[in-house]
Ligand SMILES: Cc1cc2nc3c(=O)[nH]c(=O)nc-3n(C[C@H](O)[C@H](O)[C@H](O)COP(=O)(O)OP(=O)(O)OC[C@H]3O[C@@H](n4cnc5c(N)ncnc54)[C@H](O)[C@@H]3O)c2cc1C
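Shown here is one chain on its own, the form predicted on its own, set out as structure tokens.
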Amino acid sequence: MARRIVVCGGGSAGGVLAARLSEDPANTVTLVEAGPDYRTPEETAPELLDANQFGFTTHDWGYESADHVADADSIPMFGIVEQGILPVLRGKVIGGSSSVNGANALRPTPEDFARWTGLGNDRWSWDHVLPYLKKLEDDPVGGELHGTGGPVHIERFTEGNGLRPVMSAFLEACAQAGHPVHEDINGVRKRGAGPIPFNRKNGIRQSSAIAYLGPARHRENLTVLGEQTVDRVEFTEDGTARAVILADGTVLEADLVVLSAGAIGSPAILMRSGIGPRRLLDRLSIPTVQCLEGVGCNLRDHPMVYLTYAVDEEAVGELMPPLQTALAFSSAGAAGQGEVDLHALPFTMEPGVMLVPLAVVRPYSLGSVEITSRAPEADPRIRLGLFDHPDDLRRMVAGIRQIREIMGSGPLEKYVRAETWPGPEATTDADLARAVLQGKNTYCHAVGTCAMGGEGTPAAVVDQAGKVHGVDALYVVDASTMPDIPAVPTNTTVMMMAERWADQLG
């Protein structure tokens, strides 16, 4: 049966979904992206292709969090656009954040999906998702856990294959501190250090625009509209989605509407469409189509700080590739049995400096997003809520102490000269907690604002198939539907979800 499908948002999820749904010639697929649409690699801005570049804001929405941030001169400024402002970096370009991120392809774990099923989403177990994690991959590691021949090529820097001496020394230092080191941290063992798996090929970031949309561009049933902002979804009297209205007034008739605008964009579109918390819709005089109190709630992100070290330029040598290794560990210590709740990823971007981002990847803090106006151009109010829960702060402080031990150990002695942030004067837990609250940042992994769950449960917005509760022909397919945040960067998880839902929607 012929169907007109409109996918709103051309990022990690939307690019995958549009490419897969257009494989069926009976579907007519229109993909709407607010940022520019670069149709070929030759047209694409160089920084989007270069997998060694991240943290730039040439293709960003420019969102800010309402979290209070101290205006302190000494805090690390990487990823900070303006001192005292906590940015919410989101890619505004075809490929979305998959076109601007660090190309980190760490995969979610069985423990992540045990949390999802424990929240009532029994169709999202590890056994359900593993085939789709394998489907998207082209990972030369191979084996039962990995796919080969998929759209997304995976690369690692290893001994004898481009691993820089300073990164090798970091792994040795992790081992000396009691952390296991293994070559495939996407394998069975999740705890420990090793080479990061990247979605990159020949130095090119394998975004959804490159890996999925590129090979699909020739299809006559696929249309990509760039630089077009979605205003809202329009419904029939019986509550069935019938069209997407763009900011310029264009009407895109549809038999099926899918929101893939991410954890900030998708709840905003729902709210403008009359789906969301009643108090907000009433305040903005938006006619209520479906009251869902969970829209915009349950926002989760990984809080991060950037430990900063002065290093010997000559010893460190070449700065590129800047990022090669990671440590996944527990705040309880290397010898403890606690779950993996921290990540550390050393990298070099400028001579004489090494940054060690440290993230809490099992956060308890919650944030929110809500629109401030019916106008689609108006920025929503975003509150990440970083470190609102005291245990997130406690675990970050414990992580700083462990990283200090690693960075000050023998294997790194020839490279590391001094800690410059938080700095040697920060010695007590209170000192470190104060520094964290001043220097707090984000791993840029916002999820959860259109959470998956049973109809009638407090935060639930969509069911396990991605269908919005209470209306027909409207789905959400992106990071906003995650009921809990995985303890890894979220891009690979989002691509997997889009692969799986494409099968179900197709």
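Model, not experiment: these values are computed from the prediction. Throughout, we count residues from 1 along the sequence that is shown.
There is another form of the same protein, the form predicted in complex with this ligand; it is not shown, and what comes next is about it.
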Heavy atoms within 4.5 Å of this ligand in the predicted complex: which stretch among 38 to 46, 433 to 441, 451 to 459, 25 to 33? 25 to 33
With the distance limit set at 4.5 angstroms and only heavy atoms considered, check whether 12, 61 and 104 all reach this ligand in the predicted complex. yes
Exactly one of 276, 363, 265, 346 comes within 4.5 Å of this ligand in the predicted complex through a heavy atom, and that residue is 265
Which pick from 221, 117, 229, 420 sits with a heavy atom within 4.5 Å of this ligand in the predicted complex? 229
Counting only non-hydrogen atoms and a 4.5 angstroms cut-off, does residue 98 reach this ligand in the predicted complex? yes
Please check if residue 19 has a heavy atom lying within 4.5 Å of any heavy atom of this ligand in the predicted complex. no
In the predicted complex, is there a heavy atom of this ligand that lies within 4.5 Å of any heavy atom of residue 479, even though the partner is absent here? yes
Is there any non-hydrogen atom of residue 489 lying within 4.5 Å of this ligand in the predicted complex? yes
